[in-house]
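One chain comes next, on its own, written out as structure tokens in the form predicted alone.
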């Protein structure tokens, strides 16, 4: 944890008189949206002019969150987003460690001439930022935002809206406290938020009990028709073509958590979800034990993330991508069987 930079970031916030933009990575998840909205409300309460800008649409199961309707989606409102970035004095980069992770926002971030601040919990942050608060010890970027608020002595400003954003980030990035959560401070933060009156049961319902019928049918199809188990490599994967997605009226977020079902099989140490998107294949990796999917994704699939949960991309066909992946497994048979 880089504590000195927490102090410097808070000093920058307090001395700022211009507008602030908060950005997230491409295909934003619960932590990206939760931490961004929490920081947005906190900075707004401190009197700043703040906007959240994300590269593309976020999952519908997060649309219930307060202020989510104020998020500017670059893919839909590029002209407005560029104008907001151009006039900002500070840009916060939340939940990603390098500009290329921000998709179409990359060029705007690189051209930005104000202060660039990174708050993130992924490994190997890029050196493109003026101030960096980065550690892999925490559950989520949302937890880092909480730490920033706490170090500023502003816990009294944490209202229900901020608490919801922080909690959503923590609970989604730990799979409801099933991984990346062996850190006592995470539970101390959650206890504090619950102590403020946060309704964790209601949030869980909004996140996990509001699926569409199409999403549930897609999950059933993944498990019954698209699950492949490779016992020789202690690996399982699920693959979805563009036609499969169309068949079930795919919406952003509908495959969230699907890869974890493959990982839940006894004896499986590596699980992968291949999803065919426009011009590329999106890949989600999950692992057990000692297999590092961050290194694997970074080395072979233009990706990265965490040791046990990472993402990547492939720019050949779905069939070629799966063939390439299965060939690679031969190189890691020993690691996957341990």
Ligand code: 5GP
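Owing to the predicted nature of the structure, the values given are computational and were not obtained by experimental measurement. Numbering follows the first chain given and starts at 1.
One more form of this protein exists, namely the form predicted together with this ligand; it is left out here, but the text below deals with it.
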| property | result |
| --- | --- |
| Proximity to this ligand in the predicted bound form (heavy atom, within 4.5 Å), stretch among 66-74, 52-60, 301-309, 34-42 | 301-309 |
| Residue 101, heavy atom within 4.5 angstroms of this ligand in the predicted bound form | yes |
| Partner proximity in the predicted bound form: residue 46 to this ligand, non-hydrogen atom cutoff 4.5 Å | no |
| Any non-hydrogen atom of residue 284 within 4.5 angstroms of this ligand in the predicted bound form | yes |
| Residue 313: touches this ligand in the predicted bound form, heavy atom cutoff 4.5 angstroms | yes |
| One residue of 122, 116, 82, 226 in contact with this ligand, assessed in the predicted bound form (non-hydrogen atom, 4.5 angstroms) | 122 |
